[in-house]
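In structure tokens, the next block holds one chain alone, the form predicted alone.
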């Protein structure tokens, strides 16, 4: 389980309103908290449950909650496969089945029980159907909170049984505060760049900064300006990203798509400068002089057709990257 911050920034009003109404006035035992990945939904959910326990039931054991060892709390996410020693691509049905025994156990001090699914986007068909059965027969004093990045990833029958709350990305001021909790000495210009690259998602921004995003951008700039199929730079860069984890590779592709889509806009005569806080728009304008829209669409089509298979079948990321940049010269 990832380390969850106990310091909430930017959603204080939401916290107060939901902690007062989630149990007392709610007409449902199931909730969806949705919004872009990395904007703080998980942090908010933990803070919310901790506040309900402490304020409503005078039960203060936040150390157990954040360690996922509180007897009235379960946190469900993708786990490491024992055979392959790799992170599973989905939340498995066995993980959901274990929840049933948990919700029917006696409750400590008559406290409500909370189950977080993070993220529900990672449920496969089997685990989704298993969860649906639990939602269809809710047990009193047990509450499901599904953290969701994209609503369309969730089965309509599950969505229909949940009260939904949308989370927006934080303001630049709050984004700055969150990032500086992890990187106190970060420069202002880097904050702006991270805000642009992550679409205001602090979680993604922290990952980007931790993975030397500047080096990645510099290498992409060289490759795009060269426009040379199978150059030394492309081979070297593909070897670097070829050993990325799936999550790191997804970050790389998200940046690549951001750049390509905005080059497309520039080539269509759209002024993108107003959408960026950093000088990233200047970099994109510079690259756009060397890449036409046909090349961009070739790459985007390749990603659309093959990206899912990359993770499902554990394809070679180095070859995948070379194929991406092969589209530049077309």
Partner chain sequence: MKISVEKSSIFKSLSYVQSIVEKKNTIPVLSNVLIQAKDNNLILSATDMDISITAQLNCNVIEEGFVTVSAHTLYDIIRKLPDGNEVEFISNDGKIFSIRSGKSKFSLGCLPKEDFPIIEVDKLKSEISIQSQELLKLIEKTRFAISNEETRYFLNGIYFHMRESGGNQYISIVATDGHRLAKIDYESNNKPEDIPGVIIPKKTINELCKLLSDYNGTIKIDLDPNKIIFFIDKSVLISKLIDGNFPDYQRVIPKDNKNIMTINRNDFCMAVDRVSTITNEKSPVIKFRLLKDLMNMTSADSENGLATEDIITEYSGEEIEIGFNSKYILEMINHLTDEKIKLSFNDSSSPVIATEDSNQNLIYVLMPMRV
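Keep in mind the model is a prediction, meaning the values are calculated, not measured. Residue numbers count along the first chain shown, from 1.
Heads up, the form predicted together with its partner chain isn't pictured, but that's what we're talking about next.
Comment: 55-63 is the region of 55-63, 33-41, 258-266, 288-296 lying near its partner chain in the predicted complex, near meaning a non-hydrogen atom within 4.5 Å. Residue-level contacts in the predicted complex: of 132, 235, 172, 79, one residue has a heavy atom within 4.5 Å of its partner chain, and it is 79.
Proximity to its partner chain in the predicted complex, defined as a heavy atom within 4.5 Å, singles out one entry of 139, 177, 164, 250, which is 139.
A residue is said to contact a partner when one of its heavy atoms sits within 4.5 Å of a partner heavy atom; residue 108 meets this definition for its partner chain in the predicted complex.
When contacts are judged by a 4.5 Å heavy atom cut-off, residue 28 does not count as touching its partner chain in the predicted complex.
Residue 67 belongs to the set of residues with a heavy atom inside 4.5 Å of its partner chain in the predicted complex. Mapping the unseen interface onto this chain, residue 183 falls outside it, with no heavy atom inside 4.5 Å of its partner chain in the predicted complex.
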